[in-house]
Ligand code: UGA
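For reference, the chain that follows is the form predicted alone, supplied as structure tokens.
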Amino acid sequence: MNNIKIGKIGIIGLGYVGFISAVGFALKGYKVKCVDILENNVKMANNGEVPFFEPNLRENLGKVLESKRFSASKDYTILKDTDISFICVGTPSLKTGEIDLKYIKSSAENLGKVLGTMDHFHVAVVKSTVVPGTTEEVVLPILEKFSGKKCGVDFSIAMTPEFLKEGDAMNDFLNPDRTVIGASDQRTANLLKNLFMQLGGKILIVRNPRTAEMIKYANNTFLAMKISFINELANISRTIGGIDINEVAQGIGLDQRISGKFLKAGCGFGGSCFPKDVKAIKEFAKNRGYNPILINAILDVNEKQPLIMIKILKEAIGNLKGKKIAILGLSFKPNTSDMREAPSIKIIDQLVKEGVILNAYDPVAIDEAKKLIKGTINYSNSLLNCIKGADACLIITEWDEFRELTPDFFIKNMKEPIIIDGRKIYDFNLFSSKLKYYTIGQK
């Protein structure tokens, strides 16, 4: 192992993390070979297409395909001559909230079979988000069983959690603020350190993979806690009047121990990470006999937060039945098409029950929304068509396209210029002086 050099990198799973990682390593000059069980993902990747929206990803994929540093296949034997492989498969939630490890187990089994045919040392790295103990207690035994080889002799294992922000993931990968490495031995840790040093940022080597796994959950749970915390204060502030929750957030954010990041009051967090990861660590704790009171509260606040929008809407226009409501923004955050756990889903579901006529617009997420949102809803092909003649407009996602709008735009095109701003993207004094403007955290 002392002489191992990383020339070819394997990526298992062409989902969000795998795709970004594969293109990122290829941009850094490595030959990257990818495996995915879905033929469509493989075909799209080899043809320069991506199955989701992420700024700069498609363009960078084109570059690495042209340089012949990127290839994808359904066949795991493509990994046979790689020096290191990253397991980047999904870990979806079970109905209980626990993570489903079926893709982790399957990928470890298939990698193990290929590992058994290798005549060189290989490093297997878990990058998927998994609960503490998974790499050592699940992945390692499967690799040994199906390869017939021994960890520490023929191969080694490690865990390096991903910290990619959807909407800016390509930049995050190429310019990380930190990399966490938990390895089975120090030599593997040093090897990974040398690999990730090329990307920059601080590198933290921790004592074992389970510590790295816990850091990932701690990271996301803490950020989710900040969001639920400021949303709880926003809801309290709205009962008082005369308080701008943005100023409250700014005031406490000036304290360097707190910082102002993730203190933006709104209609709740969503996406592929925060809801899933907070639920997973909650169940992980419960299964070990510990009741995580604070984590329970994070989820409770977020579960109710989207419906605050409905409450404010009713305060503004009364009975909702038959009203024409415009929804601006469907994805859980801007610059992504990701609709997983998006607050818009819960808001729209409730509005459908209230008997409203719904128009919705999002720059990139409409196709994804159609897969997830039930009930009758009209999808508009433009912002203008969405709000035309509406009795009220709910802003769910803070796309830049929406930020540029003026009060006059709403006044001119809506039946009733009533705005429920779930992301506080407009100047309160300006908008409230010209139309009926409501926000979370400000009465």
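The first residue of the sequence shown is number 1, and the count goes up from there. Predicted model only: the values in this text are computed from it and were never measured.
The next section is about a form of this same protein that is not shown, the form predicted in complex with the ligand.
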Legend entry - Contact test in the predicted bound form: G329 vs the ligand, heavy atoms, 4.5 Å: no
Legend entry - Partner proximity in the predicted bound form: K165 to the ligand, non-hydrogen atom cutoff 4.5 Å: yes
Inset, instruction - Give a yes or no for L223: in the predicted bound form, does one of its heavy atoms lie within 4.5 Å of a heavy atom belonging to the ligand? - result: yes
Legend entry - Partner contact for G268 in the predicted bound form: the ligand, 4.5 angstroms, heavy atom: yes
Legend entry - Residue (of F196, Y103, F146, F262) lying close to the ligand in the predicted bound form, criterion heavy atoms within 4.5 Å: F262
Inset, instruction - Go through F274, Y361, F173, F155 and name the one with a heavy atom inside 4.5 Å of the ligand in the predicted bound form. - result: F274
Inset, instruction - Tell me the stretch among 206 to 214, 292 to 300, 95 to 103, 332 to 340 that has any heavy atom within 4.5 angstroms of the ligand in the predicted bound form. - result: 332 to 340
Inset, instruction - Using the arrangement in the predicted bound form, list in sequence order the residues of 413 to 438 with any heavy atom within 4.5 angstroms of the ligand. - result: R423
